[in-house]
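Only one chain comes next, encoded as structure tokens, the form predicted alone.
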């Protein structure tokens, strides 16, 4: 147990030296793999963001919260994380929405981009390192398309440019499908311009009522899949650690991204690990407008706290299907209160909210009870790390965080002789663990502190006057003296008790 304690608290730079192996499920290999960052102590992640033509719904939120927790866990271990979340601000759906509303595509994309950013901030999703937009990279997309033509991987027809999937021998490897099967089951309208039904557009020729940009092939706009390749490699390089997104993006989007990257940069290029979140359903059915079962994040936030939504999402493994339930979500309001209770009890013992708890730690001899408590904290912490290292098993890790919360309440209730150092360490480790889930953000009292002070002081004076009427002078005097030590001077007059501040 002592060795485990020492390993846990060994510290190096900005992160823990204790860092057992992380295993994650790689969609590309279809198995658990040990995570080994390309650059020591750094993680570079790219997650496919929204196409901004409508409100952010709970299905989107499930993916973004899941990857936010993964990002936070890497940071918990001390990794420096570069996190890219792109925004697709030009697309068929955006153009269609603009035409329906009689607005420009730019008005639609800018409006819903801002709404999206507001929503993810409201969900306590950490700011990305960058939020690249497709329209900021038109020149780079044109240049990469030209390179693919030069290398023989793409061809131009009537102003559009298509990627030739036959040129990638292992096309379909990411999604685990064969080209023959994909062609047979392809729901692609017959297009005489394509050499293969699975060939996809890198550049789309201009059509009336559509925006356009100049290119060597005439006016047009980017295709979907090449956009992410350009943006990911722009910020993360030709080879980076993790590419994430929803399960529904494995094919065709991520399959086609990978094909483009292989053609441009080589077989071993692009993401080394592919992570995908499971689908979110409503009563077993995928969310869709036709079923009228889409739940916007903003509607949920009117009734439920963002942190409760985060806990609910974390209660299911990121790769599993989550059948959304309002009743189940409501239960995590109670769970959140349990977590806050432990925090508030710690603060009540410490005597204040502590933003610099680590700086307050003192070297002091700790007793037998302190050692026992700290050893138990280490066991909880290492169990938490083991759970998260196993493909980010948030359901298990969340159960450990709750166990920690209950343990804090129990310790503060049962042990009188705990040292201040032990209590501060409880506080530090508890907050760090909670930070992985993105909860306990509202640590300031949810009340008007000044108003509360005056009301509490009035209550204390009222109680003191009761003791005076009962001739319980020693208690009344003790209250007066304790208030005086706090800088509040009491003056008992004929008709009322007055008080004032002691000013130096």
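Worth saying up front: this structure is predicted, and the values here are computed from it rather than measured. Residue numbers count along the first chain shown, from 1.
Below, we turn to the form predicted in complex with a small molecule, even though it does not appear here.
- For the marked spot (172, 199 and 262), a heavy atom within 4.5 Å of the small molecule in the predicted complex is absent from each of the three residues.
- Using a 4.5 angstroms limit between non-hydrogen atoms, residue 51 touches the small molecule in the predicted complex.
- The small molecule is not drawn, but in the predicted complex it has a heavy atom within 4.5 Å of residue 245.
- Contact between residue 385 and the small molecule in the predicted complex is not found at the 4.5 Å heavy atom cutoff.
- Among residues of the shown chain, residue 297 is not one whose heavy atoms approach the small molecule to within 4.5 Å in the predicted complex.
- When you look in the predicted complex, the only residue of 326, 149, 279, 179 with a non-hydrogen atom within 4.5 Å of the small molecule is 279.
- Though the small molecule is absent from this view, in the predicted complex it lies within 4.5 Å of a heavy atom of just one residue from 289, 283, 303, 368, which is 289.
- Heavy atoms within 4.5 Å of the small molecule in the predicted complex map, among the stretches 271-279, 368-376, 132-140, 203-211, onto 271-279 alone.
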